[in-house]
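Given as structure tokens, the chain that follows is alone and in the form predicted alone.
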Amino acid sequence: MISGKFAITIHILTLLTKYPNDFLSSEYIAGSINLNPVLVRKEIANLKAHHIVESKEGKNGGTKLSVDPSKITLKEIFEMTFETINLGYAKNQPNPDCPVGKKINQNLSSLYADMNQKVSLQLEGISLEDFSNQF
């Protein structure tokens, strides 16, 4: 299911792009997003696992971007956050004897695949630097 993770991740990376020489604290980043620092650290951990950011502990610690923002696309960031768009399926198995129920999940899967292709094409042409330059 879609959540706010992509928006949080993009917000974090945009901040880090704007301050390329600084290690930003999770508290500072959380203040910008208006979010609990624990949730920010969770997304930073995912970015660290993908080698997009580096962190430093201590009094002057924080996180900074470890990649060139012109070399990473929003598509790559999206894929680090979600594998695909999935708006979900009914909780219960649809009735296979119903003309709608027997094909609804198949048709939703096709719709979601089409959405993923379109979103990927849209995000592929936008670098983190391009996006960050809007601010």
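For clarity, every value in this text was computed on a predicted model and none was experimentally measured. Residue indices: 1-based, along the sequence shown.
This protein has a second form, the form predicted together with another copy of the chain, left out of what is shown; the following refers to that one.
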Within a 4.5 Å heavy atom cut-off, is Lys103 in contact with another copy of the chain in the predicted bound form? yes
Exercise: Cys98 in contact with another copy of the chain in the predicted bound form, heavy atom 4.5 Å: yes
Look up in the predicted bound form whether Ser25 has a non-hydrogen atom within 4.5 angstroms of another copy of the chain, and give yes or no. no
With the partner left out of view, is Ile33 within 4.5 angstroms of another copy of the chain in the predicted bound form by any non-hydrogen atom? yes
Would you mind checking 98-135 for residues with a heavy atom within 4.5 Å of another copy of the chain in the predicted bound form? Cys98, Pro99, Val100, Gly101, Lys103, Ile104, Asn107, Leu108, Leu111, Tyr112, Asp114, Met115, Lys118, Val119, Gln122, Leu123, Ile126, Phe131, Gln134, Phe135
